[in-house]
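Presented below, as structure tokens, is a lone chain in the form predicted alone.
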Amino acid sequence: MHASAKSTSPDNPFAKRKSHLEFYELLTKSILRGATYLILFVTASIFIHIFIKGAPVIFQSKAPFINTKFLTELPETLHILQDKQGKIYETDPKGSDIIKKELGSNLRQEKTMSYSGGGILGPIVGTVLLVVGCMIVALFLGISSAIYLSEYAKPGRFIEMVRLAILNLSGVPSVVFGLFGLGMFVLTAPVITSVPHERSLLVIPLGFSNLSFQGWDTSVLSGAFTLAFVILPVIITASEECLRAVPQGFRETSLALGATRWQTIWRSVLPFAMPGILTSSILGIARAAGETAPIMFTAALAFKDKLPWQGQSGFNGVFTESVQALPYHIYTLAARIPKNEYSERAQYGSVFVFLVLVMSLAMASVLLRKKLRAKYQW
């Protein structure tokens, strides 16, 4: 009797009851997990593809195991010569003349591949200058704006409209920023000069010179300011949220000890918000370095046979020179040069170096953020 009663006893009343909601919960969890893994798979596939195609261009089996020529020379036209025995020669324009003279009538054919020879030193230097200049301008303007909106501005309809305008600015296409930079910085920005340009919109005499609104031409300065405006919305929004996250007690304690509002922000608020601000700068670096349309109008050239400091002004004119940049160089190789094994090699090698460069800049920001977080804990 006892065994029979035990076998027919009801289920545990405290056990979790199964329902159709558990099925939907499991389905939702599976969909979210699948979406996450899909993103990881696509990202990994891109990195692996670039590594497989680009690494052989950068690394080699013989010492020094790195293709230093590709990293230390300027881009140039690649000449492909073939003799009647089928032997192929790859050389630069100067070497082409020497080889043709040596081969004489034994030369079968010659082909030229624009931008597929030499290296990418010019685009690397130009990209670094543009990104560094962009981050200096964007961080100064972005953090300044965030401090005002968070610490000084009184809540109201006007401030809300300003915040809405900043958010809308992040949705503007990059080509529009390029046209804005062309009109604002290349053609209109003020310059102190004794001889104003004919196209100057306005000339204000200063006694010793003139303030001429004639623009900065296509230069690193124009490109850096244009890229800064591209990433300003991200930096302003993220910086303001980081400043708001600092406990209000920090401000009240500092003010109670007699500090001014600015001393409180500088000593008690900004240091603790800086790690989060650097996070936004990482996102800004990635976007600024990869933009092509803005620099096409303001800074970049498809080809240049000199580095920025090799111009007439030397190192003093680095930021007034037009430059090559890796995004525009890659675009030129991919879209304007007939696709072949030589242009593809230069293209993937440039992409590989570009990816390493962006990751290095981002990693530097991550390490700096980690150091600041360890120093300012609350």
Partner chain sequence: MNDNPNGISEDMQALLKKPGLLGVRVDRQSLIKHFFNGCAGITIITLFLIMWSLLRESTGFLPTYRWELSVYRQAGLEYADFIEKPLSEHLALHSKLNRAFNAELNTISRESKLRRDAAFLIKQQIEEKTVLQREPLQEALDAGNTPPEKITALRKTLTEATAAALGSEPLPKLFNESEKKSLTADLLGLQPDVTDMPPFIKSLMDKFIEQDKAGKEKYAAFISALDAFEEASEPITELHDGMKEQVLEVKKAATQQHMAEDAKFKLLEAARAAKTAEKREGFEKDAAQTDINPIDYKTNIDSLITKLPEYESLIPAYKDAVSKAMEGIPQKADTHEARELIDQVRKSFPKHLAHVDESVDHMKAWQWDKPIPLFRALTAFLFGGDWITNSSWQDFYGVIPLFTGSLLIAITALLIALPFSVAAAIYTNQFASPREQEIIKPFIEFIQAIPSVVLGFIGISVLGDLIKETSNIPWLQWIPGFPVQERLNMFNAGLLLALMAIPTMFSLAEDALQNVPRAFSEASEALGATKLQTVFRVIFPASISGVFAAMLLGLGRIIGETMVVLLVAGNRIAIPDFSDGIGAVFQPAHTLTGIIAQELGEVSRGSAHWQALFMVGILLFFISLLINFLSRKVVKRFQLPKI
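Positions refer to the first chain, counted from 1. Being a predicted model, the structure only gives us computed values, none of them experimental. Rigid core here is just the name for the largest C-alpha set that superposes within 1.5 Å across the two forms.
What comes next is about the form predicted in complex with its partner chain, which is not displayed.
Undergrad: If the criterion is a non-hydrogen atom within 4.5 angstroms, does every one of Tyr24, Val176 and Met363 touch its partner chain in the predicted bound form?
TA: Heavy-atom distance to its partner chain in the predicted bound form: all three under 4.5 Å.
Undergrad: Looking in the predicted bound form, any heavy atom of Gly183 within 4.5 Å of its partner chain?
TA: Heavy-atom contact with its partner chain at 4.5 Å: present for Gly183.
Undergrad: Hey, in the predicted bound form, does Phe229 get a heavy atom within 4.5 angstroms of its partner chain?
TA: Because a heavy atom of Phe229 falls inside 4.5 Å of its partner chain in the predicted bound form, the answer is yes.
Undergrad: Taking heavy atoms only, is Lys69 within 4.5 angstroms of its partner chain in the predicted bound form?
TA: So Lys69 does not count as contacting its partner chain.
Undergrad: If you check in the predicted bound form, is Ile98 within 4.5 Å of its partner chain, heavy atoms only?
TA: Residue-level check for Ile98: no, no contact with its partner chain.
Undergrad: Mind telling me which stretch in 300-308, 157-165, 124-132, 241-249 gets its heavy atoms within 4.5 Å of its partner chain in the predicted bound form?
TA: So the stretch in question is 157-165.
Undergrad: Just to confirm, with a 4.5 Å cut-off on non-hydrogen atoms, which of Val234, Met296, Val269, Ile285 contacts its partner chain in the predicted bound form?
TA: Of Val234, Met296, Val269, Ile285, the residue with a heavy atom within 4.5 Å of its partner chain in the predicted bound form is Met296.
Undergrad: Within 4.5 Å of its partner chain in the predicted bound form, which residues of 336-359 have a heavy atom? Give them in sequence order, or say none.
TA: Residues within 4.5 Å: Lys339, Gln347, Tyr348, Val351, Phe354, Leu355, Val358, Met359.
Undergrad: After the core is overlaid between this form and the one not shown, has the C-alpha of Leu38 moved by 2 angstroms or more?
TA: Yes, its C-alpha moves 2 Å or more.
Undergrad: Core-aligned, is the CA shift for Ile52 between this form and the one not shown 2 angstroms or more?
TA: No, because once the rigid core is superposed, the C-alpha of Ile52 moves less than 2 Å between this form and the one not shown.
Undergrad: With the core lined up, does the C-alpha of Lys69 move 2 Å or more between this form and the one not shown?
TA: It does not reach a 2 Å shift.
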